[in-house]
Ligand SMILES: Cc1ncc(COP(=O)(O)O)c(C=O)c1O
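First, one chain by itself in structure tokens, the form predicted on its own.
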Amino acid sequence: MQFAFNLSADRKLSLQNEVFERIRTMILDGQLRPGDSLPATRIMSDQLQVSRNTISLAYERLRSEGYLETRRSVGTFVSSQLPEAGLNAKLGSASAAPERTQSSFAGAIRPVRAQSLMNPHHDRLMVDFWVGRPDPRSFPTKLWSHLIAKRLLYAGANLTDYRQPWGQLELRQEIAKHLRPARGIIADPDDIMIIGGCQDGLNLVGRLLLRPGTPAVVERPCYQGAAYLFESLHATLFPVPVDAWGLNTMQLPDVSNAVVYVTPSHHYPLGVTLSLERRLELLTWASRTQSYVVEDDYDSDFRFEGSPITALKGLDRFDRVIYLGTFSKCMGAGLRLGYAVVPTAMREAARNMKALMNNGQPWLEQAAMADFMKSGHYVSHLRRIRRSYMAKRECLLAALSEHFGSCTVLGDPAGMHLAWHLPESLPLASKIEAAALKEGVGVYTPTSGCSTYLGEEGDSDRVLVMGFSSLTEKEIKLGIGRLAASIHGLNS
């Protein structure tokens, strides 16, 4: 480690004294903390271009006054117990220092809301039905390690050179191959941008298309990450209600040049699927109003009943849909890999904006994912975890039925969560959520589960959103049992 200081050219102290004072000041200012290591005397003398003896004498004086301590065969460290006299002197001088004035720029910082990524009480929960978390046991660790190691052997300059910000070509090609049969999307690899997940894609779209006052049509309720991002860019939000058939296209606003955000395959958080009739109506409306539709297809890999539904992008004949997909739900959020399929007319602008946002996702993860898909292991992985999640869904439905009888549930044909519409005989969802927390169980209303109604809450307090993908069947049964006990306590 090198120290961030140089010796003064206009020297009033001897070299030894100046080194002593500079290190002592760094310790008292908190730049060096108890236990921090100091460079060896040889390294320090090379950096400051002074004799090693000068550094040795300065270190020795710091040791004798209690600022440093030496650990044999290990090195020199800031003392764990600093001399009280030095600290008191420093505190005294600090109290006499003039009060800092707040920068005038601080008043220009806009308040920004961010989406919730986890329950703040997660660490104290026995069972957490938080939404959108893959099963950590499902990650193909052994195979992934092999793919990473193989790529590292022949990495060459790939780890040291800048790459194309919009992503590695071989991964974009594999994504295009996957989307054709899986989602009905015929995509040119050049129209695909590798991003850090759907939230990164929303940021890309927002920076491309939104200006202050731009109409932004969102679902109601809506994923917080989309609504809050559009809000931060000063778009004018138009919430459109979602019912059992998805976004109510009869209530689309009379605007033009808008951005529409939808989760049509498995609405977040209510779980409903946008009907084919409404999909076609939305696409016609987008073409007529010269608007763009952002399709967030966050968990469409998991459909348990019937064939996969063709994505909006696959139905689009007007080139008005921007498709967002992610590996966060089928692999893991820690990879920070996703993709956006943009209209061809938007390709150059999207590439330029991606370059302004960042210089691209990490090469190694992209390369390993391309190999994972090319080898056929990705399809096998999806098939395996789809069966696992289906069994967990069945377990959750059975547990709800066992404890509460017939339940009105939406969203269960697909995805990683479902929405339980509470009967009038049960307390409000927010009361159940609070009671379950005391039992060590996390269940969520739509608004506490990372969505927003952007206004009146509607029937939010009659719905519980429950994710099941990250839990074992044993945990699901335990969680619903304890949930039932907490509700019984409320009713008694």
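Don't overthink the numbering: it's just position in the shown sequence, from 1. This one's a predicted model, so the numbers in the text were calculated from it and none came from an experiment.
Below, we refer to the form predicted in complex with the ligand, which is not included among the displayed structures.
Enquirer: Is P215 close enough to the ligand in the predicted bound form to count, meaning some heavy atom within 4.5 Å?
Expert: Because no heavy atom of P215 falls inside 4.5 Å of the ligand in the predicted bound form, the answer is no.
Enquirer: Would you classify E295 as touching the ligand in the predicted bound form, given a 4.5 Å non-hydrogen atom cut-off?
Expert: The answer is no: E295 has no heavy atom within 4.5 Å of the ligand.
Enquirer: Applying a 4.5 Å heavy atom distance criterion, does Y223 contact the ligand in the predicted bound form?
Expert: Contact with the ligand, yes.
Enquirer: I'd like to check something about Y261: if you look in the predicted bound form, is any of its heavy atoms closer than or equal to 4.5 Å to a heavy atom of the ligand?
Expert: Taking the distances in the predicted bound form, the answer for Y261 is yes, it comes within 4.5 Å of the ligand.
Enquirer: Using a 4.5 Å heavy atom cut-off, indicate which stretch of 382 to 390, 153 to 161, 322 to 330, 136 to 144 touches the ligand in the predicted bound form.
Expert: Looking at the other structure, the answer is 322 to 330.
Enquirer: For the three residues L117, Q199 and Y268, verify that every one has a non-hydrogen atom within 4.5 Å of the ligand in the predicted bound form; reply yes or no.
Expert: Yes, the whole candidate spot contacts the ligand.
Enquirer: Can you work out which of R347, R207, R336, K177 has a heavy atom no more than 4.5 Å from the ligand in the predicted bound form?
Expert: If I apply the 4.5 Å criterion carefully, the residue I get is R336.
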